[in-house]
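Have a look below at one chain only, the form predicted on its own, in structure tokens format.
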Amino acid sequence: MEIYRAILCSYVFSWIYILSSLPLTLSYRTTKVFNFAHPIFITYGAYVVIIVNEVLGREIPLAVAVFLAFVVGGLVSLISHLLVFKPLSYQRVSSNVYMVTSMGLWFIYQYVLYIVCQLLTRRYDVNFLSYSTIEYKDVRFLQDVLGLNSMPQYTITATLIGVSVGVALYILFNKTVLGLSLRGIADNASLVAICGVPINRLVNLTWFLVGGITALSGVIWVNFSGSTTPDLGLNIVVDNFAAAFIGGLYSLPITAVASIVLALIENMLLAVLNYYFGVQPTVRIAIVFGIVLAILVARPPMGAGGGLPYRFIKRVSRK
């Protein structure tokens, strides 16, 4: 039973990490801004669903949850770009300034959410600071129709959202002029600008997509977890960054594969350690940090810092 549970958790966490790590890589490729406030989009996506669920009543449709979370996450991301990151880009500040600024944004968004949760807790007499699992009524209807009632609802929710986003992104970046333009900005913005492509508009669109897609992982989370708190982003941030690092902050396919591998390592390894040695799940963060440190030593993003492969290649080339 523990192994079965670990497999299900690995599957769901794979989609959560993919939906939150791919946008992180996409935003860095396009804007060269490593946004440390990125995990807040996950939290806001989850709490949009929670607030709407409580206001409208239990079991809102998944379609409504996805739409609202995507829009709110996208708007928060776009506003962050327009009011903070874009003005900083005009000043040509260093990457350290972007890092500190984005961390400050994270704290601001975090405490704004805490205030909202406290106000809503008083208004509705419900604990918004630790909200229970949400069921989606259209997913339950689908389960009844297809005879999948024995399957946990969160596996169906994760599959529907993950596959839909994956197909949409593939079509966007490989079959449309808009997607090709976005890829062009990431590869050579100056050349794209010469061709007359409106770079500012496309960058704004990228920020909106990044926030919107990331927020969808929060839609999955509230269907999966028994407790959602304003600190949700803290529970996933290390995994997001680790998957993005493995992808070199450039490759979307490698980032996706890394997300799956991280989910498998975390859940399967923890299941084995807990079963045989009684190790508690709280060591999960230590495992992830260990993976991150190994990546930084062996394969830093894009070879930066002289990682092991870089040093080996340099040594061979000198011979």
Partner chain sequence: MPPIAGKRLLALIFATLVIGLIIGYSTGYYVGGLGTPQTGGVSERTYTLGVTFALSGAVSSVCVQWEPVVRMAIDDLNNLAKSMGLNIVFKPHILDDGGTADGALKNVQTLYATGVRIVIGPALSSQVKAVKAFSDSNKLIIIAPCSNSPALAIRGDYIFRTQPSALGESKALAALAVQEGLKSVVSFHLNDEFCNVFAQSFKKFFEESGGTVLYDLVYQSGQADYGSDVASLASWVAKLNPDAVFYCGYATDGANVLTHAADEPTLRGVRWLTVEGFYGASEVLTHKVVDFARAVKMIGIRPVPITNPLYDEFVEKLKKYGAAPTLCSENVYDAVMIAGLAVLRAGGSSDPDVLRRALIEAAKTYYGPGGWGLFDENGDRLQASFRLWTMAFVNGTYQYVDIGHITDSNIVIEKKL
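Numbering follows the first chain given and starts at 1. Whichever C-alpha set is largest while still superposing within 1.5 Å between the two forms counts as the rigid core. If you're wondering where the values come from, they're calculated on a predicted model, not measured in any experiment.
Just so it is clear, the following notes concern the form predicted in complex with its partner chain, a form of the same protein that is not shown.
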Go through 37 to 45, 252 to 260, 272 to 280, 63 to 71 and give me the stretch that gets within 4.5 Å of its partner chain in the predicted complex, heavy atoms only. 272 to 280
Would you please decide whether residue 114 lies within 4.5 angstroms of its partner chain in the predicted complex, comparing each non-hydrogen atom pair? yes
Looking at the partner-bound form in the predicted complex, is residue 138 within 4.5 Å of its partner chain by any heavy atom? no
Contact flag, residue 176 vs its partner chain in the predicted complex, heavy atom cut 4.5 Å: no
Using the partner position in the predicted complex, report whether residue 118 sits within 4.5 Å of its partner chain, counting heavy atoms only. yes
Is any part of 110 to 148 within 4.5 angstroms of its partner chain in the predicted complex by a non-hydrogen atom, and which residues would that be? 111, 114, 118, 122, 127, 129, 130, 131, 132, 133
Does residue 268 shift between the shown form and the other one by 2 angstroms or more at the C-alpha, the core having been superposed? no
